[in-house]
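Form predicted alone, single chain, as structure tokens, below.
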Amino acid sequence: MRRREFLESAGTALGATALISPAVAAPASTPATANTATATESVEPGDWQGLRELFPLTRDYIHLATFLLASHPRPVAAQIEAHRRGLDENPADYLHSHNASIDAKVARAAAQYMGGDWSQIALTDSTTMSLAMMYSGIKVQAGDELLQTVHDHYATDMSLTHKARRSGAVVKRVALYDDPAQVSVEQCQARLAQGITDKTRVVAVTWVHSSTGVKLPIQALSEVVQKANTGRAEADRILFCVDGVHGFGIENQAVPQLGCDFFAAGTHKWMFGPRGTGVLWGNDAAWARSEPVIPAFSASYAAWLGMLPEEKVPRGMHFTPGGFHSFEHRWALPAAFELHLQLGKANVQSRIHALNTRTKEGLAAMPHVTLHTPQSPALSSGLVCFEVKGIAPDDVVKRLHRKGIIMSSTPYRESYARFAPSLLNNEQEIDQALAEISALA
């Protein structure tokens, strides 16, 4: 196939093509030793012990902080290794034989898990990159208001701060609750509505707060935004943006049905994806209100050369940062989505909520512990935040580490101790961790 035909067919059928160097054409077939890996191991729905066996996590500790950075399960590691081997053995040929279609293949795998159209998904390296791409790209003017909550992570705070400094927009903040343990849907809706003005162009929220463990009622908040958008011109419509990383890989939720315009998440946390991978989903209206921040490769490059009409470039691919990345990690991401779908999204949600409920009930029964995360699974997810009377959060973490339990403290100005029961834990581990907290009385 001639180079022009290759670009046009790839852009039309796949929407994800990288330009083949004029001097180096892809081979007719990829060497056998460098074939794209397929997951050779699978797990039955709800088989949590079988899932645990897929991970090389040491058995010397009880791991209650796996949400931070995933250990690679064997199906993911196998694909990473196969792609790494192919790139090491023959970098140019392997790159050119995969780049024409594999980003679209990854986006399709993401859409199968997330819901929606694969063309609306951009591939990134992390939640932070997704947030930065999202907020940097949204078109705003001087005097426009960017409304966020006081509960957001540093990455959201700074992405909006940088955007405001560049554009002249103004960042406003609102507290959706005062006591996280007593949060309610109605309170969150009322507080958000009070913060919105005629100048509001962006509402930025975080699905699950890593500071308190609160899970926001995103669909209920979207109703507030939709009401505020009534009668607005398209250019003035509020874009509802969500940092979804600590619900992604837990909640049995199709992202397009949340009611948001943008959804950002890393995939190397609860999803067990390759380290250094993430996604950014946007609906068509949201992408139309945005400009790319980093030049994309793939079909965008072909459009730049005049070999592909601009309208044939899928939205998400146009916003996927170009340049050379850790290809073997990004290309192995479908294995993580496949693993979660094998387990069953409903099963995953039920299991993590059950372990978290067990944790919260145990902590709430201890007189020397203050639980800050809501008891209700409707307003919490995979993170449980608490205080031990008379002991600093970091000291709680250190004391449990000496007992063979890895947990964390929240990286915020007001810090709490934090458990994160996951699919890699069992009831016995939760009870052992609770017993050690009880012993701190």
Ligand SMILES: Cc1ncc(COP(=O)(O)O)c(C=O)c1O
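Please read all numbers here as calculations on a predicted model, not as lab measurements. So that there is no doubt, residue numbering starts at 1 and follows the sequence shown.
Separately, the form predicted together with this ligand exists; it is not shown, and the next lines address it.
J.: Please state whether all three residues 351, 381 and 426 have a non-hydrogen atom within 4.5 angstroms of this ligand in the predicted bound form.
T.: Not one of the three qualifies.
J.: Given that this ligand is not shown alongside this chain, does residue 243 nevertheless sit within 4.5 Å of it in the predicted bound form, heavy atom to heavy atom?
T.: It does: once this ligand is placed as it appears in the predicted bound form, residue 243 has a heavy atom within 4.5 Å of it.
J.: Is there a heavy atom of residue 206 lying 4.5 Å or less from a heavy atom of this ligand in the predicted bound form?
T.: Looking in the predicted bound form, residue contacts with this ligand include residue 206, since a heavy atom lies within 4.5 Å.
J.: For residue 120, is any heavy atom within 4.5 Å of this ligand in the predicted bound form, or not?
T.: Answer no; every heavy atom of residue 120 is more than 4.5 Å from this ligand in the predicted bound form.
J.: Spell out, yes or no, whether the shortest heavy atom distance between residue 127 and this ligand in the predicted bound form is within 4.5 Å.
T.: Residue 127: contacts this ligand in the predicted bound form.
J.: Name the stretch: of 243-251, 351-359, 337-345, 284-292, exactly one has residues whose heavy atoms fall within 4.5 Å of this ligand in the predicted bound form.
T.: Result for this chain: 243-251.
J.: Only one of 269, 98, 163, 329 gets a heavy atom within 4.5 Å of this ligand in the predicted bound form. Which one?
T.: Among 269, 98, 163, 329, a heavy atom within 4.5 Å of this ligand in the predicted bound form occurs only for 269.
J.: Using heavy atoms only and a 4.5 Å cut-off, determine which of 153, 318, 83, 72 is in contact with this ligand in the predicted bound form.
T.: None of the others qualify; the residue that does is 153.
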